[in-house]
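So this first bit is one chain, no partners, the form predicted on its own, shown in structure tokens.
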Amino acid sequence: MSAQQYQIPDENTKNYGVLLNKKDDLQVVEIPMPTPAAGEVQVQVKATGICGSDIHLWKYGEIGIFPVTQPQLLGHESAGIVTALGEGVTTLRVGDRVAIEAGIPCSKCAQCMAGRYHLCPVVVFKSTPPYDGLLAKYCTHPARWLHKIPDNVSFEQGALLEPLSVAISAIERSGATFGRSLLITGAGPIGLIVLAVAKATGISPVVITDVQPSRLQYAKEMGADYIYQVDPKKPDYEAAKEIRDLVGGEGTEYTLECTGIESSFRTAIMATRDAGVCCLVGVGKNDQSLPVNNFAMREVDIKGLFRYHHTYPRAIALMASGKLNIDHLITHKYDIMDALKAFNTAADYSTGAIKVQITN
């Protein structure tokens, strides 16, 4: 790793972050240079993806059950270079290239001890209120939750490991496997990465839906077997029947709902085959109206997904192998000082943005 690719900060180095003060109030501000505590390292963040949750926090002041209660940095899809070590850190060295796993669990509670550390009741997840995110030039993070990335994985790819982890976790949670049919509702970044993982896994056929024809065409080029354009004026049960008909009338064995939108979730349930599985991946309104008898009387299992666990090593291996190409999903890159432009691009469908990344 050449010295030109990272900067060891000194007393003259300035740190900047992307701060959400409150709803609709986003700024790039100078922030203190963080010093790593025991067990932590300092990281120069090289690439960070903008997630739909970041946009939602900015536009609505909340995401799911987490309201913005104080000013906070955004961003949780990041990779960078270790620039300083805290006391006791022996697993990393200055100059190591790392992907940042954004959740920091307690590692002591019943959920953590059972391996479900993503469900830790006191997990600190970067950029989820009230915790600061990773959108800064420099941050600190526990060494335990940093993952070395090989030289053939770029920082931009390293930042894609977080949404890739969601996709891997979603497919595992649903139970979809080789040769089984899958419906993906929503061709946003997560839906498209789920599609890529599904194709790499041999899941087939794969159906994907969206309201945007350009996103559907993109999904078709990525290997979707069937695409379905959602008409918001059409009743959900009609849409579900038309989706079911694409795969012979019975519907898909597995469905991953990646929008969080109530009408899409309803359609997803009704388009799932009898005795199939429908898993909610997207985050939407806290309370939604669902067709209870439809899924209960057809024994469709409804599952929820919350983030991921134990996915990073596999995601890195998959990325490094070259067998999964999702680089093309990065449609726009901006310097951190142009972060406001980056957020506006990510929030505007007309830009054609899929995954916008902020670089340093």
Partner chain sequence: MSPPQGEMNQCVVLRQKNDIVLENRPIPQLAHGEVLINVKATGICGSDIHYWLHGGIGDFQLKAPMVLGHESAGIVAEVGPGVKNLKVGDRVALEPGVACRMCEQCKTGRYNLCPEMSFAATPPIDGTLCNYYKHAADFCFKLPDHVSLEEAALIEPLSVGIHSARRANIKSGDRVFIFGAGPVGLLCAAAAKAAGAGHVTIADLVPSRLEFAKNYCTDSQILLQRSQSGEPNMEFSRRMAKEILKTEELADAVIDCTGAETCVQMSVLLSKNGGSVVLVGMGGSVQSLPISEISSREVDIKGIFRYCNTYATGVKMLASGSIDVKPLITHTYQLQDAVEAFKHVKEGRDGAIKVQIVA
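A quick note: this is a predicted structure, and the numbers were derived from the prediction, not measured. Numbering follows the first chain given and starts at 1.
One more form of this protein, predicted together with its partner chain, exists but is not displayed; see below.
**Request:** Within 4.5 Å of its partner chain in the predicted complex, counting heavy atoms only, one of 139-147, 267-275, 188-196, 222-230 shows up; tell me which.
**Result:** Result for this chain: 267-275.
**Request:** Report whether the minimum heavy atom distance between K285 and its partner chain in the predicted complex is within 4.5 Å.
**Result:** Because a heavy atom of K285 falls inside 4.5 Å of its partner chain in the predicted complex, the answer is yes.
**its partner chain contact at G52 in the predicted complex, heavy atom, 4.5 Å** = G52 lies outside the contact set for its partner chain.
**Touches its partner chain in the predicted complex: K333 (any heavy atom, 4.5 Å)** = Although its partner chain is absent here, K333 would stay clear of it in the predicted complex, with no heavy atoms inside 4.5 Å.
**Prompt:** Does at least one non-hydrogen atom of G304 fall within 4.5 angstroms of its partner chain in the predicted complex?
**Reply:** So G304 counts as contacting its partner chain.
**Message:** Going by heavy atom distances of 4.5 angstroms or less, which of V153, L246, L119, L73 would be at the interface with its partner chain in the predicted complex?
**Reply:** None of the others qualify; the residue that does is L119.
**Asked** Between the options S204, S289, S107, Q217, which residue brings a heavy atom to within 4.5 Å of its partner chain in the predicted complex?
**Response** Exactly one listed residue reaches within 4.5 Å, namely S289.
**Prompt:** Which of the residues spanning 167-193 lie within 4.5 Å of its partner chain in the predicted complex, based on heavy atoms?
**Reply:** The one in contact is R173.
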